[in-house]
Each structure stands twice: as structure tokens, then as C-alpha cells.
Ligand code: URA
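Take a look at this single chain in C-alpha cells; it is the form predicted on its own.
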């Protein structure tokens, strides 16, 4: 079975998973992009716009993320974008239980895609994937190597929209990412 078919099978599992839907609303947002992506961007959970359409990062923070992806010299169709939580939590921020449950599907996606770099957007993504607490503001723009994978930590675009002075940090991080990709 090829990678695309495997990712589609995971999407079906997510859409049919009753546990994924507990305390959530909207459509499943399983992720999108290239199944052979070298770079995978991982967020937190879908927002309202994403839950309406079923696509990741299409709202305000998504527009920012996608513009930064292009500025880093990448094409959206060459990367993969997803999150650990696949449905919009009714209360906004996902619970620890939401993250732990969604992580199993996220790891299945990572194992299929086998990206060279996983870009972790914020605290929730970092804790979900690395399963340790890292101070994202201190560790942003840095690579963490663990279990044979490279993780690039940065801020979540939504956090930057809530706190505009931090936008410069996100831009700096994406400039570092661009240099990393070109080296």
C-alpha cells in the first residue's frame, strides 16, 4: 500500500473514531499535504474555520503560517500540515486527554510520511510529539534531536496573532528554518 492510501486509511479511522469526537465539534481535520514531505508542520487543534471545511491552518493563523512557509522558500504542496487533535475542541484549547488520544493518529502519520524535520508550532505540539515540556520561548528556533528525528521548535501563529510583538520571533525562526533547509 502506498503512502497516500495509508494516510487515507488513517483519515477514515479518525472520521469513524468516537473518542476523537468527545467534546469536539465540526469536521475532522486530519491534515493535508505531500505524503513524501521532508517537512511536517504540527499545530495544536483545528480552529473554527478549519472545522467548517476540514482543512488545517486556513483561518487567520493559517494564512500567517502559509505565508511564512512560502517565504522560507517552500511550496505548500511539498510540505505536510497537521495537528495532534483532529477535531475542534468545544472549549477551544485541547485537554491533555485530547492530546494523548490524538497523538496515536499523529504518530501513525509521522511514521508513514517520515519527514526529515518536524516543525512543532507551540507548546501543545511540542508536548504532544516530544512528550516532554520545553519552554518554547527559550527553545524556539532550535533543533532538538530525539529518537532519530529532528524537531524544530517555534511559536504557534495563533499565539503571535494574540501577542503581535512576538511576530518578529516567528519570522526569525522561519528565516533559521530556511537556512537550515538550504544547508
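Numbering follows the first chain given and starts at 1. Quantities reported herein were computed from a predicted structural model and do not represent experimental measurements.
The same protein has a further form, the form predicted together with the ligand, not shown here; the description that follows concerns it.
Note on the partner interface in the predicted complex: the residue among 122, 26, 47, 141 having a heavy atom within 4.5 angstroms of the ligand is 47. The ligand in the predicted complex is not approached by residue 109, whose heavy atoms all lie more than 4.5 angstroms from it. None of the heavy atoms of residue 154 is located within 4.5 Å of the ligand in the predicted complex. Taking non-hydrogen atoms only, residue 61 approaches the ligand to within 4.5 angstroms in the predicted complex. The stretch from 51-59, 110-118, 146-154, 131-139 that comes within 4.5 Å of the ligand in the predicted complex, counting heavy atoms only, is 51-59.
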